[in-house]
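First, one chain by itself in structure tokens, the form predicted alone.
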Amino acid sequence: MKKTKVAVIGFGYIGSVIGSVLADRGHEVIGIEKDSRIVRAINEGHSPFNEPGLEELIKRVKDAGSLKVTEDVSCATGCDVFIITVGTPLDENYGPDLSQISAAAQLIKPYVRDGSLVMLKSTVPPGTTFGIVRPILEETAKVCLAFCPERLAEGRAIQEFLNIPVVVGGIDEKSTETAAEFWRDSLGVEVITTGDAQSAEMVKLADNLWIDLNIALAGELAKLADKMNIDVLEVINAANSLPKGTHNVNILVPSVGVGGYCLTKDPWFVHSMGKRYGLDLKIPRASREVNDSMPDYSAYLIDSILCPHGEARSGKKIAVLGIAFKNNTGDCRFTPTKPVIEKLESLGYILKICDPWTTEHDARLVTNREVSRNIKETLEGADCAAFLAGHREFQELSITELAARLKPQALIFDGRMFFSKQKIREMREAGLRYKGVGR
């Protein structure tokens, strides 16, 4: 592999994975990050994010001297490759806020030179690489500029980065091929090239719109299943056995809602693009509205069983298990558990919260309440155990343990655990009640 000096601009959740893996592959990586908390943690050999394998990887590359993270952009001097992974949040009109993209391009402009490879991995609307980043950088040098969508899932980001095909589209043919060669050489993965940067930019949005819409379909089916008193998972599992085209039908599963930095905003990016071209796209808005309704719906399910006739809720205790938006991660960005907690609090329930995966920093994104790591203590004497995440520590709980800790006839609310029929029978035999989303 050709070893080179790589600058990663934005060393957050995705940047830290990309930079650490590239450093482990022998590149000299300079991470440029404005958050001093992240800089300090990584330079001490720790991961600021609870991502499986990341802390060990960071420690290894720090010890090897192949990774440095700093707030000082001048350390990017002499870099051959620049990878931009800064945030692209929604603005107040549900359109893309590209200010961090422009700022990142301005930041590296003094350090690029003719032939430098610049790759944008932040999720952006089509046209951003060519229309915003290119004009800024071309004031300094003629660079190879490409877009490579980030397609990693929390909880298995390192594994996916090393295995999932990389999509590349450049502003010209040379940029596309230079970027493709870098990823083939660095990761040894399949590289899929598109005709231009704009097509590559659309790939991530298409992926996330499909996921969001598919989950919304599952959520609507779950609501209907609740009215009909049938098990939505049985319906989905059977429906997914039907071959269609080159694959089977693939309906995903319902839960308390959709969270994370990408799925909650990317459909709105597509909707905003439609308006720009005079199109009233129905699907992005529909998927967001359905998925945004699921936290309130989940709180309603809990409340309707604990207090079915409008009885007093004061004094009733709910053990909230899991606040991260994704199982076996501590990622709380835009987690749907936050509105569930807020709704239950507004109804007057007493909450005790547990999540063994979240850091103090992540937990504060959700609640100002104490977030415990002690599962058994959280369950003690509760009227309801609300499983809002399906962490492995929760999966290891036995029904006997649940029954011993909770009050008699306590409710097990299944927001993300997808308990088997056998487990549900065991709960009922142990004197517990069960309710899942669509089950």
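A quick note: this is a predicted structure, and the numbers were derived from the prediction, not measured. Numbering starts at 1 and runs along the sequence shown.
Keep in mind that the form predicted together with a small molecule is not shown, yet the notes after this line are about it.
Residues K227, F419 and G436 are flagged as a possible site; in the predicted bound form, is every one of them within 4.5 Å of the small molecule by some non-hydrogen atom?
Looking in the predicted bound form, the three residues K227, F419 and G436 all stay beyond 4.5 Å of the small molecule (heavy atoms).
Identify which of L54, I38, V61, I375 has a heavy atom within 4.5 Å of the small molecule in the predicted bound form; exactly one of them does.
For this set of options, the contacting one is I38.
Only one of K34, H46, K407, K68 has a non-hydrogen atom within 4.5 angstroms of the small molecule in the predicted bound form; which is it?
Looking at K34, H46, K407, K68 one by one, just K34 meets the 4.5 Å heavy-atom criterion.
Do C262 and the small molecule come within 4.5 Å of each other in the predicted bound form, heavy atoms counted?
Looking in the predicted bound form, residue contacts with the small molecule include C262, since a heavy atom lies within 4.5 Å.
Tell me, yes or no, whether T129 is in contact with the small molecule in the predicted bound form, where a contact means a heavy atom of each within 4.5 Å.
T129 lies outside the contact set for the small molecule.
State yes or no: in the predicted bound form, is some non-hydrogen atom of Q100 no more than 4.5 angstroms from a non-hydrogen atom of the small molecule?
Q100: yes, in contact with the small molecule in the predicted bound form.
Would A286 sit within 4.5 Å of the small molecule in the predicted bound form, counting heavy atoms only?
Taking the distances in the predicted bound form, the answer for A286 is no, it never comes within 4.5 Å of the small molecule.
Considering the small molecule in the predicted bound form, find the one stretch among 182-190, 314-322, 149-157, 212-220 with heavy atoms no farther than 4.5 Å from it.
This holds for exactly one stretch, 149-157.
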